[in-house]
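Quick setup: one chain, the form predicted on its own, written in structure tokens, and binding and motion questions come after.
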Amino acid sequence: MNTEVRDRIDIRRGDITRLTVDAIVNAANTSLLGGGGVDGAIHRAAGPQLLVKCRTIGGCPTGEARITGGYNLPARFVIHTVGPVYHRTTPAKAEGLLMSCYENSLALASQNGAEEVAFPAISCGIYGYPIEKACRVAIDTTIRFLETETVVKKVIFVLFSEGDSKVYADYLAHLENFSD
């Protein structure tokens, strides 16, 4: 990974709903009508207009992404993506679907002029994706995207727990050491 790409990736611990960025990514369910975890927090913080808009979209298949306004959030956009439920498929298929979540979310961000995009740990909550495996997919996919991307200037991984943020920081440090 080159230094220019590395400088465009940040890892933070905190609440994604409080970030002032162009777009935050929602780890949504296929209905897009809200749920628990990050999804519920984003819907609560965005206000009722988000649910009204999501009702008009007609859902979102696993691996794909949809975009809405941010409404009461400090972010301009919410990009909704549906990650795989880890134990409902093979590890290889889960990895492919999770990779698609990141690719499609980043593509939507770029198409809509979003320069700063924040991601949670997609599929790692109730969907049961192991954090170490999900982290590798998230960071590796993002690096590949940023190597040719010009619109998206910064990708921030926002992890709720200290343990999860350490997994991401350690993996990124490993990649930095490996590329030296």
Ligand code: AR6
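Bear in mind the structure is a predicted one, so any value in this text is a computation, not a measurement. Numbers follow the displayed sequence, beginning with 1.
Here the subject shifts to the form predicted in complex with this ligand, a form of this protein not shown in this document.
- Among heavy atoms of residue 113, none comes within 4.5 Å of this ligand in the model of the complex.
- This ligand in the model of the complex comes within 4.5 Å of no heavy atom belonging to residue 52.
- Residue 23 falls outside the set of residues with a heavy atom inside 4.5 Å of this ligand in the model of the complex.
- Interface residue remark: residue 68 is not counted as part of the site for this ligand in the model of the complex, having no heavy atom within 4.5 Å.
- When you look in the model of the complex, the only residue of 60, 121, 46, 146 with a non-hydrogen atom within 4.5 Å of this ligand is 121.
- Residues 27, 28, 29, 34, 35, 36, 37, 38, 39, 41 are the ones in 19 to 55 with at least one heavy atom within 4.5 Å of this ligand in the model of the complex, listed in sequence order.
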